[in-house]
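Presented below, as structure tokens, is a lone chain in the form predicted alone.
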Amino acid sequence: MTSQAADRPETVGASRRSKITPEREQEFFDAVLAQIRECGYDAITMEGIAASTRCSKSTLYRQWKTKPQFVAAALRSHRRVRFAGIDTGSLAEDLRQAARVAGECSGKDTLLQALGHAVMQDQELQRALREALVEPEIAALREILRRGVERGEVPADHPALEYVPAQMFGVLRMRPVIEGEYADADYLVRFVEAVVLPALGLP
């Protein structure tokens, strides 16, 4: 089994009643996420997804009992790690590169905004969002920090290490709120150089 297959939500295989192929299942997931981005979470319905994917409403309800369960499964199918593969041999450069990658994507994926208050009101959605979009990125960022510690660039007990993910993701979320602009690559690199690197004692 490939790692991609292992990471898929257990929806098709978990139900003996299912006759949906993994490819067809992914069509449903792509459709619901596209409609969330376009219309927002509250506007989508199981009926609308069924119509757009040319399947029966009962097919969707047989697989996923509720809209939150369906959207949560779709989120989990789209796990992503933007920071994976960043390894320049220098912690400072790795963090600058992570800032560039995050900044280049900032504002392009409106899924978080489109989910809106629904995420705060539904624990399953909130958990799926963290699993799909947040935790993989934090794990990759912590791996970057771990390698820096192993190379001796920063002490393992440095008090600033645990706050780096919150700094990076916090500025991504809050700049649009505070300044009305997305944190682009240039802004994030300057943030890393002015705030994150000095906090870690790095040049």
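Just count from 1 along the sequence shown to find any residue number. Rigid core here is just the name for the largest C-alpha set that superposes within 1.5 Å across the two forms. Predicted, not measured: the structure shown is a model, and the values here were computed from it.
Note that the form predicted in complex with a further copy of the same chain isn't included here; everything after this is about it.
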| in the predicted complex, does each residue in the set R130, P165 and V171 place a non-hydrogen atom within 4.5 angstroms of a further copy of the same chain? | yes
| Partner-contacting position among G40, G48, P136, P68 - heavy atom within 4.5 Å of a further copy of the same chain in the predicted complex | G40
| remark: TL;DR on 157-165, 25-33, 143-151, 56-64: the one with heavy atoms within 4.5 Å of a further copy of the same chain in the predicted complex is 157-165
| message | Whether H117 contacts a further copy of the same chain in the predicted complex should be assessed with a 4.5 Å heavy atom distance threshold; does it? | response | yes
| said: My question is simply whether K19 lines the interface with a further copy of the same chain in the predicted complex - judged by any non-hydrogen atom within 4.5 Å. | reply: no
| request: Using the partner position in the predicted complex, report whether L112 sits within 4.5 Å of a further copy of the same chain, counting heavy atoms only. | output: yes
| query | Does Q121 make contact with a further copy of the same chain in the predicted complex, using a 4.5 Å heavy atom cut-off? | reply | yes
| field | Per-residue C-alpha change between the shown form and the other one, M174, threshold 2 Å, rigid core fit | value | no
| Per-residue C-alpha change between the shown form and the other one, D122, threshold 2 Å, rigid core fit | yes
